[in-house]
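Shown below, as C-alpha cells, is a lone chain in the form predicted on its own; questions about how it binds or moves come after it.
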C-alpha cells in the first residue's frame, strides 16, 4: 500500500504551478499557495521554487494556507520577497486564530489573511447545535438592527469589518449567496454588534 504524504519539493511545486497554468489556459497565476504545512518541508527548497516561478513570470505572488506564525516566519526568512497571505479557517463558528494569536501576528506583519469556510461549512445554520443556535440568534439580532435580510451578509460583514483586513473565500456556486457576500462590503458593524457575535461563539461574555 502506498502511504499518503505531502510533497512540497521544488520539483512538485513548479510542476503544480505549470499544471495550473495549462488547466486555466493562462500565462501566469496571480497567487500560488502552499496548501498546508508539511512536516517534512524544506524551506530553502520551497523558497527556490517560488523564486524560479516568480523570476519566470509564471506566478506574481505567493502565500501559504493553514500555517502557524512560526511556520510562516520560517518560510519568510528564506525568501527575498514577501509572502502575501495565509489562508486560514475563520468564521463566527471558528475562533481558533483569534485564540492562537495568529490574527495578531498577521496584523503585526501587515498581511491580509484569506478566510476559508467563512460560513463554517454550514454549521452556523445548524439549529440542532447549541453553539450554532447561539450564533444564529446573535446574527438574527444584528440583521434586524441593520435591516438586512440575509444572515450570510452579516457573517461576511463580521469578517470584513475586522481591522486585520480579512478576504473571505466563498466556495458557493450559488449566485444569490455570492450576491449576499458582495453586499457585506457595504455593511458596517458597530463594535458592540461585532462582539455580540463573538461572544455568542464563545458561549460567555468576554472578561
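Numbering follows the first chain given and starts at 1. Please read all numbers here as calculations on a predicted model, not as lab measurements.
Below: the form predicted together with a small molecule, not depicted.
The stretch from 127-135, 77-85, 94-102, 112-120 that comes within 4.5 Å of the small molecule in the predicted complex, counting heavy atoms only, is 112-120.
Only one of the listed residues (66, 56, 42, 161) places a non-hydrogen atom within 4.5 angstroms of the small molecule in the predicted complex, and that residue is 66. Of the listed positions (169, 146, 31, 182), a single one reaches within 4.5 angstroms of the small molecule by any non-hydrogen atom in the predicted complex, namely 169. Contact between residue 141 and the small molecule in the predicted complex is not found at the 4.5 Å heavy atom cutoff.
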